[in-house]
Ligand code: KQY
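Just one chain is shown here, as structure tokens, and it is the form predicted on its own.
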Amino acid sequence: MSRLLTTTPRADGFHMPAEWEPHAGCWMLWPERSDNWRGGAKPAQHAFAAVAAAIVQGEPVTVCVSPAQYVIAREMLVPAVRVVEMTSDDSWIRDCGPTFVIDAAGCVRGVDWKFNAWGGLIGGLYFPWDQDDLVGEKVIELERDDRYGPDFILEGGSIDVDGQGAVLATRECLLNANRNPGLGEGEIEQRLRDYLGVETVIWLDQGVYLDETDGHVDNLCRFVAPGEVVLTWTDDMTDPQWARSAAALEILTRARDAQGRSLRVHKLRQPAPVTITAEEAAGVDHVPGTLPRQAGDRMAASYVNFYIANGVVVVPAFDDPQDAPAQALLAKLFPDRRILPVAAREILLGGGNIHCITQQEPAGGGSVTNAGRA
């Protein structure tokens, strides 16, 4: 059974490992709400199924599905994917699910953050979100892991770690008044140290332009190895993203990680601006209290929103000339993994991408070491 702990991971010798370290598996949630996904979520379901089929080539995948969708999901997902019933409000398990931490002996525990749909009643994207807030606890319970339950709102997409003491985050998100309004920057840093087991917080100011999560770092900048990051980029100085990426680059070139290393920054050029078509907007049910999808709206398309699995990296593809260069750069950065592109427009239409709909569970049971490139 899962115990609720009153200590912190840091005090107990636990930390969040890097995503490239060995996984026990990957968790996903099945999309179905028609006020976020067009066409009754059918196009999105096919996209999610394609992501699961790619990831399962490297590691076990569990997709959590509502009772009403179980038979449909079981039919659409490849047989190797495990399907379990679980109620949720939407399908962004990176943000509403748990963050797993490990210790030197390979013991795994879960951190069950509070979740308020990216802002609660002040800018949140839907209401209610109570079932999403239970997803972390449910996943940890299914795994019979012990659970930390901090009274702290945090989404998994708002952080990225190197497994060696450093975490990336944006002030735009973590310092937003609609997350933890009673806490200042120093207090939030301490929460990150306590619950992720990190030493150094590398603050970037803003995330990707028009990212409705209030600037999640996993769409802007990610660790790909100790001392190395990828940063979404554009050479078009008239694009609103240029100033955001240029400011992040300046910070990253000055930054040092927890081991005292300077960071090597790889520019991952974004696709051409991706906007919602009239047909796509018309296919979404308009319901009060949810973010409307309107024709012409620009979406926060970024290749940085990839998922690192055992043996493979699953990368969003946008049918754009930058798809191939992005895949080539990631192949160079992950020479021991196959790069698997998946058409991601339908996921993007819902407000996120491949990394947002996945959550890794680290492998346990033995001594764990960093598996990044030398």
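Treat the numbers as computed from the prediction; the structure is a model and nothing was measured. A residue's number is simply how far along the shown sequence it sits, counting from 1.
Form predicted in complex with the ligand: not shown, discussed below.
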Subject >> Shown form pocket vs the ligand in the predicted bound form, superposition, backbone/C-beta distance 2.4 Å >> reply: open
Original post:
Going by a heavy atom distance of 4.5 Å, is Glu212 a contact of the ligand in the predicted bound form?
Top reply: yes
Original post:
Do Tyr303 and the ligand come within 4.5 Å of each other in the predicted bound form, heavy atoms counted?
Top reply: no
**OP:** Answer with yes or no whether Thr62 is in contact with the ligand in the predicted bound form, where contact means some heavy atom within 4.5 Å.
**Re:** no
Original post:
Would Lys114 count as a contact of the ligand in the predicted bound form, using a 4.5 angstroms cut-off between non-hydrogen atoms?
Top reply: no
**OP:** Tell me, out of Phe100, Phe223, Tyr148, Trp118, which residue has a non-hydrogen atom within 4.5 angstroms of the ligand in the predicted bound form.
**Re:** Trp118
Subject >> Contact assignment for the ligand in the predicted bound form, among Ala73, Cys107, Leu125, Val265, heavy atom within 4.5 Å >> reply: Leu125
**OP:** Pick the stretch from 62-70, 328-336, 344-352, 309-317 whose residues have a heavy atom within 4.5 Å of the ligand in the predicted bound form.
**Re:** 344-352
Original post:
Are there residues in 255-286 with a heavy atom within 4.5 Å of the ligand in the predicted bound form, and which are they, in order?
Top reply: none
